[in-house]
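This document starts with one chain, in the form predicted alone, laid out as structure tokens.
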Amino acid sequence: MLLSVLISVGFLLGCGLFLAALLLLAEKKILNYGICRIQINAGRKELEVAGGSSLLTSLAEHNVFIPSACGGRGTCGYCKVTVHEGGGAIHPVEEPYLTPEEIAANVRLACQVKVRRDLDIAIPEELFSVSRYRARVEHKRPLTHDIVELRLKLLDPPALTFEAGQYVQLESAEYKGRESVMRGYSISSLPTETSHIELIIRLVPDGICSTWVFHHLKNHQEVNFSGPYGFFHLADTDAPIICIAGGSGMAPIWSIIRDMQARGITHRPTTYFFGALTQRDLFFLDEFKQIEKDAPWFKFVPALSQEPADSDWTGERGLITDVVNRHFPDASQHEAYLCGSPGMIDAAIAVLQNNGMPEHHIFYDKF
């Protein structure tokens, strides 16, 4: 009986997948939407594209790059644009990522808007400066058991201008039946080093791009990425700073702190809290010790949440939010820069606000 039920369910599921594939093929091969025009920012740029693809794809094919961390599957919510005309009805996939105010303002996910007619859209002006780059892997070195550092030499264009804290979208190659995708990774190198970039990438279980980086990407191999993206960077104030990160969230903070040192920003006392599970998850310890020696305004506080009680670790223990709470019961005069998982960042924001930090003094990059 159970076998019969499983066979029936499998048959129905197979039929559903077949019909879905057939509909996609019909739309792509049979339906012809002709040439569609996309007006961007009230005529700032106009494109003529072949109808039928997503707005995200159509823009990228004409070198207008919209941030996207999920490869256009509608699961990250990053590729928001304003569609004044021609976008059609909101797709159910979009709704969870749009606030009522955004829906009222015609904000859409570019990956879910199909180009089937002329469109009138608006995007942030800074996205016009985003470009696609070709680079070569100079080195791929392990930092921990599940984090590597990539150093990419730029080939075309040969230089990248960015602010410390911004990110790029790395394109994976196809491998073992996995499609090419784009994933966002913060730049960890200094903005003054324009001929190359460095990325800190953590292996995500079954992650398409991170698996490709760890197990298939080789030294001297050519790669493509687009960028720079993002608004996570040091604010132009005099407030003392609290940085909080974990894992590969190290990347933008590593860039920001060294950029402060390079630019001689010595009047803003900075404490960096880095959360990890055990000692094997720590890296750049020697580098931060050197910065502490060279920069009296800087302090590095690593904390371990699952380190064995009988180990030789003499540093901070516990959740990074608890450590921050102990060090800064009054954070009302500080600014904070946070990078890491949504759960960690939300918990850190709660602690900082409870300790007096105004909401507009908290800057973060969730991934």
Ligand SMILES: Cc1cc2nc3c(=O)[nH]c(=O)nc-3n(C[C@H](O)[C@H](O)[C@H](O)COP(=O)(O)OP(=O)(O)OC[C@H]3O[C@@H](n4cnc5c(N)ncnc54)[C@H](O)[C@@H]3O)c2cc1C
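Nothing here was measured: the structure is a model prediction, and the numbers come from that model. Counting begins at 1, following the sequence as shown.
The form predicted in complex with the ligand is left out here; the points below concern that form.
Within 4.5 Å of any heavy atom of the ligand in the predicted complex lies no heavy atom of F273.
Interface membership of Y185, defined by any non-hydrogen atom within 4.5 Å of the ligand in the predicted complex, is confirmed. Remark: Y167 counts among the residues lining the ligand in the predicted complex, judged by a heavy atom distance of 4.5 Å or less. Although the partner is absent here, A105 lies well away from the ligand in the predicted complex, with no heavy atom inside 4.5 Å.
Proximity to the ligand in the predicted complex, taken as heavy atoms within 4.5 Å, picks out 201-209 from the listed stretches 84-92, 256-264, 201-209, 293-301. The partner is absent here, but in the predicted complex a heavy atom of A251, alone among I121, I241, A251, V115, sits within 4.5 Å of the ligand.
Residue-level contacts in the predicted complex: of Y78, F162, F283, F288, one residue has a heavy atom within 4.5 Å of the ligand, and it is Y78. In the predicted complex, D365, K366, F367 are the residues of 330-367 with at least one heavy atom within 4.5 Å of the ligand, listed from first to last.
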